[in-house]
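Next up: a single chain in structure tokens, the form predicted on its own.
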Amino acid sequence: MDGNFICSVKIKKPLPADSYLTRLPAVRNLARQGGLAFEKPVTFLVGENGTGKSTLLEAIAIAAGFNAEGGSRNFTFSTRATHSELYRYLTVARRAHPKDGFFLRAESFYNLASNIDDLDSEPYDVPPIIKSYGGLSLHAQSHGESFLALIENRFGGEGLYLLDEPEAALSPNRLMTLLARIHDLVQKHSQFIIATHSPILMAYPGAVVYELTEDGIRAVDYRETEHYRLTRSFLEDPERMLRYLLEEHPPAD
């Protein structure tokens, strides 16, 4: 088994014409192109803010049975129902069912950590949930440490892992730690679908990088992405880039 549990997604029925979702390039182009294939163990969804990559990942996660605010299929908490209805219009084609799985979204990770603490405060005659996350409350660690505690302890392999902008809490050094952990889990027959802005993560060998733009969704080499090109241009000559930016946008009086 190659570990690819989700092999494709597509729009199964037209969205309402007045839905804001139809204005998102990711949704519009997914419908126009007939779907999206996931042929490798690691797939990245990249694009400018507002293209809809996180909305698409969220819909895939919900359609696959995960809680909208993150967690495994066993989490049911909801602090505020802000997720879109896109999942109702998706068909997720599965090759198999994973033994493990998790939806990690940076923006609601605080809510997940709080829910774990709340559940563990109840007098259940079972081991505390936090034991599966390294034993220390996720709130008792830095944001980055808690991300890695989750990924290093809770992710066990033979799983489907959906990550929404995991770089939000991680230093470049920790991003490399995450890359190594992703590789370890791929060797254990896992699949990752990751929405990201990080050129470091996109460099994972053999991954498919889907770039989402106004014009479509296409597979590219990570060096072709705007994220990589802009980051490289800045690091190669920051003075020139800063001069251009600051001269174009002088401070207000």
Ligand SMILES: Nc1ncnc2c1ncn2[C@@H]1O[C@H](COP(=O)(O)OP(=O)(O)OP(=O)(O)O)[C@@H](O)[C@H]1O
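Throughout, we count residues from 1 along the sequence that is shown. These figures come from a predicted structure and were not determined experimentally.
Here the subject shifts to the form predicted together with this ligand, a form of this protein not shown in this document.
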**Asked** Would this ligand in the model of the complex be within 4.5 angstroms of a non-hydrogen atom of every residue among Leu24, Thr55 and His197?
**Response** yes
**Prompt:** If we take heavy atoms and a 4.5 Å cut-off, which stretch out of 47 to 55, 199 to 207, 213 to 221, 185 to 193 is in contact with this ligand in the model of the complex?
**Reply:** 47 to 55
**Request:** Indicate whether this ligand has at least one heavy atom within 4.5 Å of a heavy atom of Tyr20 in the model of the complex.
**Result:** yes
**Request:** Sequence order please: the residues of 141 to 172 with a heavy atom within 4.5 Å of this ligand in the model of the complex.
**Result:** Glu165
